[in-house]
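Take a look at this single chain, the form predicted on its own, given in structure tokens.
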Amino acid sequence: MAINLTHSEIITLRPAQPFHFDGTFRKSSHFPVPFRHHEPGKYWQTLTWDGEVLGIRMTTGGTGENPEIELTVYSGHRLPESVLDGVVAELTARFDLDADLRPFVDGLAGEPVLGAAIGRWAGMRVSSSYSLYEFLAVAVVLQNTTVRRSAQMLAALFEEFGTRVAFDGRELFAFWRPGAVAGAGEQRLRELKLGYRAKTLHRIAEAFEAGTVDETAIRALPPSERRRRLLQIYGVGPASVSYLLFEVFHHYDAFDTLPPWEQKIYSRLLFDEERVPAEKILAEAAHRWGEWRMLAAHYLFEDLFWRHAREEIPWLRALIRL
């Protein structure tokens, strides 16, 4: 049975320009999860904040020169102003709403490989609808398996530990809290057919529940220190830390490793070849885009998947099937 969130508060957000709403709130390349939903110009998700399970709706507004987002926060009761302020600050951080991307857009709009994608998506942010813990939990489920298998495991976790939430005429799951997984124990996770991932999920949950991993504290670190701290988290290695630095903490230059699947995609995008050595791709990205190299790669990647959603790209379809 779902929790009904019937109280609502409307707040106007003003992201820095340029801003692209749909590119920010829908990532066509990302794995679908049942706690968020996007339609053109509208976005919904659940959010657990300050002990409250909340519903979030964001709607595009304003103009290109003065973009606005109408944020509606749904709750079970009237929220204190301090909680609403915290929600606004958290969403601004997660979706990088106050980032000034003008140097990136203006500086690279004419770049031969990247220019067309910037033309279509100028103002698209690197964004994460997840908290750090939630990002890590989903990342573990995605490791070394098929999309279908990942979907099965994630559905089992949401059914076991998540909460159904109804607001604004739709029903979504709210993410479970680390304590629920930590308290359940590794054996219960194995019973959900998570295999070796059960140990990793349990240890990560224990670390967050105990406070030995604190997202707020990591955000406050100098950028040069974040990598070191993230690598101390169980299950985080040199490959996954780049994803965390970019998507959760918005390091626009965090393009240091390249998984084989993405290597094939960037081989096509940068060299129009089936497979180019990862080192050559990373060097080319650094040469072309410098400090913006991961954000630039993100624009190319998302642009590709948006185009594929509208008109199938045969070579990408073949890779996705793999």
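As the structure is a computational prediction, the values presented were derived from the model and not from experiment. One rule holds for the numbers: they count along the sequence shown, beginning at 1.
Only in words, not in the display: the form predicted together with the DNA, which the text now covers.
Q: So in the predicted bound form, is the DNA close enough to Gly235 to count as touching (4.5 Å, heavy atoms)?
A: Within the cut-off, so yes.
Q: Using 4.5 Å between non-hydrogen atoms, is Leu142 touching the DNA in the predicted bound form?
A: The answer is yes: Leu142 has a heavy atom within 4.5 Å of the DNA.
Q: Does the DNA come within 4.5 Å of any heavy atom of Ala239 in the predicted bound form?
A: So Ala239 counts as contacting the DNA.
Q: Given that the DNA is not shown alongside this chain, does Leu101 nevertheless sit within 4.5 Å of it in the predicted bound form, heavy atom to heavy atom?
A: Leu101: no contact with the DNA in the predicted bound form.
Q: Tell me the stretch among 42-50, 65-73, 253-261, 288-296 that has any heavy atom within 4.5 angstroms of the DNA in the predicted bound form.
A: It is the stretch 253-261.
Q: Considering the DNA in the predicted bound form, which of Tyr243, Phe173, Phe249, Tyr133 comes within 4.5 Å of it through any heavy atom?
A: Answer to the contact question: Tyr243.
Q: Looking at Ala205, Leu194, Leu114, Leu91 here, can you tell me which has any non-hydrogen atom within 4.5 angstroms of the DNA in the predicted bound form?
A: Of the candidates Ala205, Leu194, Leu114, Leu91, Leu194 is the one lying within 4.5 Å of the DNA in the predicted bound form.
Q: Which residues, if any, of 136-153 lie within 4.5 Å of the DNA in the predicted bound form when only heavy atoms count?
A: Counting only heavy atoms within 4.5 Å of the DNA in the predicted bound form, the contacting residues of 136-153 are Leu142, Gln143, Asn144, Thr145, Thr146, Val147, Arg148, Arg149, Gln152.
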